[in-house]
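Only one chain is included here, represented as structure tokens and corresponding to the form predicted alone.
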């Protein structure tokens, strides 16, 4: 058989391939030749073949068939074979494959080999892919090599010990005696790996951390020697002596000094020396300074040292390197809560970073700017942030608008400034604000009694300029409906009043109703505003006409409002002024009906919770798990069970009770009918939240025997929230002599089509019965 081509020739041949298909063909041909050679047990060229196989593996082609050949090379007595064999083992084997256990004995023999380079190969392989079983078997040999005088082996043994500790933490104490003399070594390689080993042990064991705190003076001395030492070509990097070792020592000092006064005191001076003596013209020096800053901030350092660290980060902000600026902003963001005044000194530099072209830097600068806002600088900072809001990319507008709202609410110097600021946000980024901004702003305006005339005038002007910003239009519609009489009377004292007639105001609101830019919610605000003006303006006939027109709107919500308002005009006109009078001052803490805000998976979502009910009674764990298993795991939300079998209030609420026959009826439906058990659903609308559907189940039994232990369970997709109240009974009477009722409340904020999975469990004639069903045919009125 001819000799196989060399690795260099294979690389040259593969690089000549013009297409991927041509490359694959070359690889397949060579792999076939290598397989043939392996089958013939060709020891002469095994090393060459495995080397070529590793190159193919690096290119992404399968090379697993060479695993056993690597073991054969490791068992060879030739160093060149062992080198390729161990390299192949590190690349092709891992602890998930049982094959790697076959090499344990070979590694053990090589760890005791007379040649240091063979021992080094074994240490590298064990430290790279050794499993917990291998580490337990070979930890003794590694500990022995850690005590040797050979610096080449000690540094490799230290890194191998790190891997052993990560795999088998209980072996940590075995290496404790060997660490005593590691820091007295002059060799920088041994020092570096020793610090890595000590860091790993301190991070994994509080006892080790306390034990090694006595080494702080020794670490400080090593770091001082590195700073003060002259030029050493062996360790010099851009004029700095061994920056890698310096960084490692600083990280270890950070761990040792955290929450310890004595250790922190011992390292204060050296940290100040590193911070003042390190050259900053090169990136190497910046890396050391950054680690120094992190160490100063983590330990119990002196206040002057912390100011020095923040000033270093301030210098980083002026660096041309974007990565350094980003690191500085991130670090300042972490420290702003503890050292607020020191960070404030760099406020102008931070604000300048808002103009950076890099989006990551821009976002960090925005977050830090909001963290720096306080009562003293609120006007200046808001001016800069509002300018940023005007010019920033759309991806920043939502977060920036939310930040402005929160800062203005917390530090507003006056109510007028607060209202002006929020209106500025609504006019520039109204489409990006959060959903809760509209009710929050309405509440602010309502509570600012002396600003009503000024606010309604400003909002009316904003409406004339732009009706595309939906939150702005909604707030403006609400305010015009509440304070339209102030707008028309021209009573504004804060600025020059505008002259506007009642018809002009109604023209604007009617324009919102017919505009293509208006969302359904906005039209609802506009129609309600027009209705409110019927008690504030004299042109009631015009308002009646507008309201009657929308009584036949295709939008169900708008139609329902118009029908109810029409009824007010016709049947209950004497009650209209009282019903439409101005809103009282709102209490911030007041809950909004049955809907509370709860945290769900890190996001704020509404949850249907009736505050009159006692806390939910937890169901047995197996029932809940069964239902989740039944319903497909992650795509459903759990059911909230309560113990109160009270029926919900009438869905129409007070207004629909007042209007009597106007409530829109939702047809009932049969959700389940099988084996004599029939489940009917009837529907109501919860008041005051129109997004909550109240479903009452009626379970009847047409068989000749009672159904006992009856349990009804239900689940809905994640976009819904579901609350299941307790049933009226757990026995469904035979021969349809009675029904069991149970109430379900479903919150559907996104108005999506309702889907439900149900699980029924009961006992019939002594035999347990369990059945599953999916209900998808809910009437549209129940979820629209």
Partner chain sequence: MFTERMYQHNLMRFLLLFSRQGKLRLQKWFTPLTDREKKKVIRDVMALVLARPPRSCNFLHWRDIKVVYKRYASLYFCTGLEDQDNELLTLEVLHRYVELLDKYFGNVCELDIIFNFEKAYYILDEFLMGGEVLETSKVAVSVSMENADTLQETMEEYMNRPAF
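As the structure is a prediction and not an experimental result, all values here were calculated from the model. Numbering follows the first chain given and starts at 1.
Below, we turn to the form predicted in complex with the partner chain, even though it does not appear here.
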Open item on the list: Checking a candidate spot here: are 7, 117 and 196 all in contact with the partner chain in the model of the complex (at least one heavy atom each within 4.5 Å)?
Closed with: yes
TODO: Select from the listed residues 123, 480, 472, 332 the one whose heavy atoms reach within 4.5 Å of the partner chain in the model of the complex.
DONE: 123
Open item on the list: Can you pick out, from 351, 666, 327, 135, the residue that has a heavy atom within 4.5 Å of the partner chain in the model of the complex?
Closed with: 327
TODO: Can you check 149-157, 551-559, 706-714, 449-457 and let me know which stretch has heavy atoms within 4.5 Å of the partner chain in the model of the complex?
DONE: 149-157
Open item on the list: So in the model of the complex, is the partner chain close enough to residue 573 to count as touching (4.5 Å, heavy atoms)?
Closed with: no
- [ ] Spell out, yes or no, whether the shortest heavy atom distance between residue 286 and the partner chain in the model of the complex is within 4.5 Å.
- [x] yes
- [ ] Would you check, heavy atoms only and a 4.5 Å threshold, whether residue 80 touches the partner chain in the model of the complex?
- [x] yes
Task: Any non-hydrogen atom of residue 234 within 4.5 angstroms of the partner chain in the model of the complex - done: yes
- [ ] Give, in sequence order, every residue of 288-326 that has a heavy atom within 4.5 Å of the partner chain in the model of the complex, or say none if there are no such residues.
- [x] 290, 291, 322, 323, 324, 326
